[in-house]
Ligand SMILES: NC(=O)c1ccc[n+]([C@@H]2O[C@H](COP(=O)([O-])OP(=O)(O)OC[C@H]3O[C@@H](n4cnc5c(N)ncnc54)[C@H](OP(=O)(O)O)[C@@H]3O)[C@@H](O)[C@H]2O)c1
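Just one chain is shown here, as structure tokens, and it is the form predicted on its own.
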Amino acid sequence: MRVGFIGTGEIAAAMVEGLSGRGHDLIVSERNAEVAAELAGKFKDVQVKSNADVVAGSDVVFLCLMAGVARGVLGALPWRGNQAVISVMVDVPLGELATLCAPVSDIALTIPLSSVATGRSVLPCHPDSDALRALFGESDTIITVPTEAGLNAHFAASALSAPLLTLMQTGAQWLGEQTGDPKGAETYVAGVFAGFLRQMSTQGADFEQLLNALATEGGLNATLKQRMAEAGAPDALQSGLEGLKVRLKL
């Protein structure tokens, strides 16, 4: 398949890495020349072209721009009715994309994170996309979300990444200060949470079951959880998610 990327930032680079070596022709835009050149130098199946040439030479085009930039450039590109467009952009709804990318009608929204580079990531998608499944269905989990509002809620949930990683980093830094081994501390903390995620994927456990297993009264986990609740951490997270609803039209 000929797969193009308009916008060459971190997420586009991760998708290119995930798709490279699978028999596709990958074409990245020259908008971020440094990243584009790096990808072309690293992967033999990657070419760098102008936005117009990316669209003209692709069967599937991923849109990886900021919303304001997208509105300024997409409408002038040579779209074809037999193409598929997959947007990873927040703040550009499907209706607007249909106008910007006319006459394309096969348009979907998805939310890749950097883990798509190595596979086994989760890709929420609205509406369902045969093109996305053909490209990532074997390596990653695709969740079809029935409404655009639901997909936007997944955008908000994806923003949990930085707060949760910050908590893990804080814990690892504290552990490293106690042990004198910062790298070992980071490996331990990451491994603990990787183990919980494996339980969820292989044993069908959910968050409630994992928390119940850590809820021994007077135990270290229960004690720290209570201290964080008293400090307002869960309420702050809930408030932060609520604060994204206006922007995402939820």
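Quick note: we count residues from 1 along the sequence shown, nothing fancier. Bear in mind that the values here come from a model prediction, so they are computed numbers and not experimental data.
Keep in mind that the form predicted together with this ligand is missing from the display, and what follows is about it.
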Listed residue that, although this ligand is not shown, lies within 4.5 Å of it in the model of the complex (heavy atoms), from Met89, Ala156, Leu100, Leu132: Met89
Selected contact from Leu113, Leu165, Leu94, Ile143, since only one has a non-hydrogen atom within 4.5 angstroms of this ligand in the model of the complex: Leu113
Partner proximity in the model of the complex: Val55 to this ligand, non-hydrogen atom cutoff 4.5 Å: no
Partner proximity in the model of the complex: Gly9 to this ligand, non-hydrogen atom cutoff 4.5 Å: yes
Contact flag, Leu65 vs this ligand in the model of the complex, heavy atom cut 4.5 Å: yes
Non-hydrogen atom contact Val69 with this ligand in the model of the complex at 4.5 angstroms: yes
Option from 210-218, 189-197, 40-48, 24-32 whose residues, in the model of the complex, bring a heavy atom within 4.5 Å of this ligand: 24-32
